[in-house]
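Have a look below at one chain only, the form predicted alone, in structure tokens format.
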Amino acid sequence: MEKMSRVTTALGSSAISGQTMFCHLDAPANAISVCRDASQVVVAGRNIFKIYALEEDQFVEKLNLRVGRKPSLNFSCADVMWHQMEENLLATAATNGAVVTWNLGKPSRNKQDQLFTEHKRTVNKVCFHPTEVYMLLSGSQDGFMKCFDLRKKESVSTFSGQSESVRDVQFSMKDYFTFAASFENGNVQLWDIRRPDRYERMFTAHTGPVFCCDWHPDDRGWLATGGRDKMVKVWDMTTNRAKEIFCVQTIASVARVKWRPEKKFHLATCSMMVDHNIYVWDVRRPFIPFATFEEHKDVTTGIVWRHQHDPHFLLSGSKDSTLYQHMFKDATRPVDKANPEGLCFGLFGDLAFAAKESLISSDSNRKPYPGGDRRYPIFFFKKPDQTEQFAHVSSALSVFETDLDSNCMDWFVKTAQLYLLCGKPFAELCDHNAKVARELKRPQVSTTWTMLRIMFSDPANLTPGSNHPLSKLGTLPLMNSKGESRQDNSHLEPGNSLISNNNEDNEETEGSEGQAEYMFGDAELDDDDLYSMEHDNQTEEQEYTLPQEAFQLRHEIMDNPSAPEHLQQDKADSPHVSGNEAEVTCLTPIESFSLISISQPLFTPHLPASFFCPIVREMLSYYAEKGDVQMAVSVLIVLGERIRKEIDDLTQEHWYTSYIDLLQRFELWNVSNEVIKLSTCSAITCLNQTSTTLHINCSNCKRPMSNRGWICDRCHQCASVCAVCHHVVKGLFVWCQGCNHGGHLEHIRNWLKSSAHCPAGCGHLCFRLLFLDQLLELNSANIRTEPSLLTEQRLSPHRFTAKASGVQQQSGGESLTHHEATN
């Protein structure tokens, strides 16, 4: 036995003393329970069912309830409960679906008292009523809960949760008739034992199975639940709807949760797998455990506080076949090992950093914190509370300032509003977005859009009549150094070409054996105006010939071509040609008289667009890592299927989610809606398919309307009646939020042209004639009026709201969005 510090606790006339100790069991334990006077503990499992006495320094085995040569499955226990009013009464939940009660006062070796076999599957939990001696509740894997009167041979009530298996049932400590049940589908139900036909309340507590629940011993409205989602949640059940008031995030599925006696905010948890430790949490600080017990070597299966009024002793059983008594004094305190550091960003981008004073070197240049400046947030320092058992640590606070102008996000808003993501050809979209970025002084983004057009646009669609400088060149046939004409795709880039402006006279260039040189005559190109040029590739088996559509064929191409006759006369006078024959000469169209010579090909012919996909993928990752998800998402939408397969869906979803969140933070609802519609990620597109619910009151009785049409269930009158024509409105309905009267859109518009009062005759001033012209300019498909346009007699703002009569749910992607329908 392990011996550590000894503690004695006075509980009324009796006293509990002990220390941290353990004993080895014959088999793994599934559950444990203590008797009322905290002197004995029962351990139950598939192959163990024993009672141990709690001595000061050791566990002493008192009774083995597993008797007989071949014990039946009734001894295979999934749960055990010791009655807190009758010290000789035990109940177990068997894996074969049986509920068994045990009477320790029997003189025989076999202490089994009653056997209930009404459940069809494993019973997960049994629970005695805290004040009623003969009432026992069970929850089974078959989805049913049964209430037993131990004076009878069968159950007195059966509760069907209409759900999957029941994982836990717990009687309320303060409410005599109420019990809670948790289910594998994530729901928690509250029942009244007097009404087995229907639950009193149901709510979804976790995303996944709820394995355990526990009522607070002092606060009658608090219910703690734990589930597979690795969370412990505390619910306030005193309100009309269950309200989550605390949430603790653990590192594994929560198998057991037990409130700590005499400590309102403390509870103990253990995990179902992976984690072997027992944690005691203060729900007010859910990020780090208040205390940790690390003695077990395998998963902890059962925990119970030794006495309902003693917070210092905790008992636990485990799959490692050990039974422990933990002294709270000996628990590990994780907060002692944590660094007392904090990090937080301010509203204007300033960074506040708190750390130990010993870790921050003394710097004479550090300025005092300007707490009086309204630009800076106000830090509230919590006063030490001696009643709290938290470690009090003092830290030094440092604030790192940022320039106010550096965090201006006007460029983001303007870019989101001005970008074009669809509706035009790809080349025009790139040109427009590049222009927007250039005007906002973002040259790198502008160049990126230009390069995307170069990579993915179809050069054959470039029209000679366009305003682009390249259109001035016409169709330019290219020739290599051997005199062979090339009509392939030629990608011209600033880094690979030499552009020069020469005289308006005829120009000839001399080909070189080294790097290629280009001369474009009168046309001058900018960096942003470099586009690929493509011509129909006309080839023969052995030689190339000039295309007829470029210019009229004047002579046949020879192996060693000579200059045309009309140029030979001026050859001697030309300053660009030496006395020897030029290796390569080529004529441009007669209108420009420019010559191009290329010594070697630039790229492989017919370079596919997919060749650039890896480069674009790296570029998008670069922008996203830099924080510019706007550029990453915009390129994703514009390129569409060209790049979608190159980026995994999870990354795309992350980019879309980040960008949409930013748009909504800046209240760019329309842009956000457009991005969702154009999304290439299915997980984002479905966001627009969630319905928007309009809660409507009847204009006659002022009570909420149902979703079944135009007739009010209360007053039996048609609610959507036009105040002008007195007919049912089956389309778009507009009403004043001041008096709730309205009607057809056009009828209300025509009425308000001549009168500012309500057409129903209620006397309400729905509209002020001063702003009549502004209302008439509104689009009927997207009604959006400012609050100042619609006033009451006291000039208090009222608004018109639009809805589709009879259809109170609309897709978020339609013309009436959630934001535009009521703003």
Partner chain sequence: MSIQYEDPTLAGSYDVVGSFPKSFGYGVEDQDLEENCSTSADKPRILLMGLRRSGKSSIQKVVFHKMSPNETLFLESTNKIYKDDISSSSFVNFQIWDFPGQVDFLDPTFDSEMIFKGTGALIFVIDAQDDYVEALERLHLTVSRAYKVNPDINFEVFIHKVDGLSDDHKIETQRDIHQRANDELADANLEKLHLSIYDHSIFEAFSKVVQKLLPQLPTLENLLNIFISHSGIEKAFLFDVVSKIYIATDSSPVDMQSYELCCDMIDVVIDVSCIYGLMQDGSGCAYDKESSAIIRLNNTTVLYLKEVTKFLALVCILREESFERKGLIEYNFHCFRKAIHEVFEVGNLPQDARSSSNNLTGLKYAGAHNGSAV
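Positions refer to the first chain, counted from 1. Note that the structure is predicted; figures quoted are calculated from it, not measured.
Not on display, but discussed next: the form predicted in complex with the partner chain.
Proximity of residue 39 to the partner chain in the model of the complex, heavy atoms at 4.5 Å:
Judged by the heavy-atom cut-off of 4.5 Å, residue 39 is well away from the partner chain in the model of the complex.
Taking any heavy atom pair closer than or equal to 4.5 Å as contact, tell me whether residue 272 reaches the partner chain in the model of the complex.
Heavy-atom contact with the partner chain at 4.5 Å: present for residue 272.
Even though the partner chain is not shown here, does residue 58 get within 4.5 Å of it in the model of the complex, heavy atoms only?
No, residue 58 stays farther than 4.5 Å from the partner chain in the model of the complex.
Indicate whether residue 205 is a 4.5 Å heavy atom neighbour of the partner chain in the model of the complex.
Within the cut-off, so yes.
Only one of 657 to 665, 157 to 165, 722 to 730, 640 to 648 gets a heavy atom within 4.5 Å of the partner chain in the model of the complex; which is it?
Within 4.5 Å of the partner lies stretch 157 to 165.
Identify, from the list 185, 685, 321, 292, the residue with a heavy atom within 4.5 Å of the partner chain in the model of the complex.
If I apply the 4.5 Å criterion carefully, the residue I get is 185.
The partner chain: the contacting residue among 84, 737, 447, 122 in the model of the complex [heavy atom, 4.5 Å]:
If I apply the 4.5 Å criterion carefully, the residue I get is 122.
Using a 4.5 Å heavy atom cutoff, which residues in 206 to 239 contact the partner chain in the model of the complex? It's fine if the answer is none.
Residues within 4.5 Å: 206, 207, 211, 228, 233, 235.
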